[in-house]
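Two forms of the same protein chain are encoded below as structure tokens; each is given separately, as structure 1 and structure 2.
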Structure 1
């Protein structure tokens, strides 16, 4: 059967592709799963892990789906005995120097390498090699922990730092089996261009890059965390974040033990977060955090009250100033941490309700 332009056969089914689309992107769009370890849709594909190799008619060797562009008339097979045998062999080689005890290594995110080894029933009796990568467990930065024993040198963290964050704080050092993630002169991340965004943690497939903070809290890694999707409140961009809640911690009252980002391509921030969005969540459970409105009593002391009472007193106070000194005696200050809509409402309140143009917010937009 002759195929039309920009059509190929995927697992025996005729599908259309767009110019420049890779086999992996096409397969994902068609709901066909191809396993990967080094791939991230935000990064340029490199074909380093070799997990995504597929069979293409006319090619003598298996080809990496993440880098191979789709071409008209191509016949692609993503699953057969040959491909499965390759993946089992590859995973067995990965596991020769990788910890196999899931309970010991999974301190936060799931270990995708262990997941794939179980899925493809990779043989784990090929012998064991001692890990020879050097760890940086003495880095004094308060957020990011690197466990070199779990690293498979996929370079996702290095590439994310260079291609997305554009700071190149980390790199691959040494050669061969000694290849590891490091900084220039093995310096602390605090002494590099690192912005502590935690993107390296987010893209790491094995948990070699992980958060320090949950390990210092009353949280047990084996506990299941409940994810709550919400909006980061540190600026007006509106980044979506997932609160990871340990319902047993904090004497059964629950505690947010870490922040993760939604998958790339699903929210406005495309899975990216800044240092505040990912790590600055201590205020949630801080004992000094205000959880209800306060108003001054007759003695000038702040006392808890209801929202209705607090808003009524604020309105009365503003109206009293305007009546005595005029509308221009009032000033309204909003915040860049508010959304555009909230800042719009603040200026609407100032101009339409109190008839003053004295309104400002620190982003000056």
Structure 2
């Protein structure tokens, strides 16, 4: 069979690749699943976790699909007895160094290592070794918890911190079985260049990097929460976020207990979030929230009232001014914090109901 300049065979099927494409990206594009642990499309591939090894004719050893570029005429095999043995023995080895009880492991985020071990039926009877990786138990930063026992040294967090957020607050430290993720001098993240974007949490495949708050508040694990995709309400980038909702909590009104980012490549933020977008959600259910309409009584104090009363008073108040001074004595301040629909209604209210164009909002630069 004659192959074109940009073709190779993948599990016996002829497929075309693009310039510079890796076997992994090509396989993903073709719907061929290759398991990975250290891979993230935002990061330079490093081939460290060894999960994605495949067979390529001409190479004695198995080849990492994440780093190996597709070349013309290459014959790639992603499933055979050797690869199955590889996946099973590698996962078995990982599991000797990792807690295996899913309930204990997944208090924070879902654990991809356990998923893979299940999927590939890795033997789990090889025994266990006590982890000897050090953590930073006294890190007083408010958000990010590092559970060294769950760490598989894939360095996604470290690479994300260096390559995407570019602050290099964390590093792989020590070596061999002691390899761990650390800050300089094991300082609290608060005392480093960390900007608390939480990308380390997002990229961690095992939940070794996880969010502190939901854990300390004993919220349900992420797997049991409902995810609602929405748009972040801070700056104008329009990051897509997933509100993780516990529907039962908050007397059945539901509670946002965590925010996670959608997978890279699917939204404008490419899976990234900043400190506010990822962590600053406590205001949603804050006790300071207004729960009832308020009106000002004759003593100048605000007091709760019914919607009926509040609407009545507000309408009368504005209409009286319009009557006395004309509609242009009214000012309608709309908000770039509200939805498009709400802004539309506000300007329609000013224009169509009160007949003035005095409507604006604070961010019309």
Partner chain sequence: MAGLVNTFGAGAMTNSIGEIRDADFLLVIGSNTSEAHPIIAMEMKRAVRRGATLVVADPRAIWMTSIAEKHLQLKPGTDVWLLNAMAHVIIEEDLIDHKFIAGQTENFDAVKQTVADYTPEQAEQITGVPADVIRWTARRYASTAKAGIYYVLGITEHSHGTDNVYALSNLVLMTGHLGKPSSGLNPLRGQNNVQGANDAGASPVFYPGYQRVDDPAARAKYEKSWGVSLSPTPGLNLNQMMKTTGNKIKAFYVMGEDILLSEPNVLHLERALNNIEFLVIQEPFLNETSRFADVIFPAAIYAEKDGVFINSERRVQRVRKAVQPPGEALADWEILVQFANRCGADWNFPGPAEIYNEMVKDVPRFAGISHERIEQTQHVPGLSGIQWPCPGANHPGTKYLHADGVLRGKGLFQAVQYRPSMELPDTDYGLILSTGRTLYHYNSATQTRREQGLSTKQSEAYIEIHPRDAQKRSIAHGDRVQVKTRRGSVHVRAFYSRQVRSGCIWMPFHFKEARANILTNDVGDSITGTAEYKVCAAEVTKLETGKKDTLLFPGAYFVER
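None of these values were measured; they are calculated from a predicted model. Residue numbers count along the first chain shown, from 1. For clarity, a rigid core is taken as the largest C-alpha set superposing within 1.5 Å between two forms.
The form predicted in complex with its partner chain appears here as structure 2. Treating the motion between the two structures as two rigid pieces, residue 297 does not share its piece with residue 276.
Rigid-body rotation of the smaller part against the larger part between the two structures amounts to 26 degrees, from C-alpha fits. Aligning the rigid core between the two structures leaves the CA of residue 323 offset by 11.7 Å.
Superposed on the core, the two forms differ at residue 289, whose C-alpha moves 2.5 Å between the two structures.
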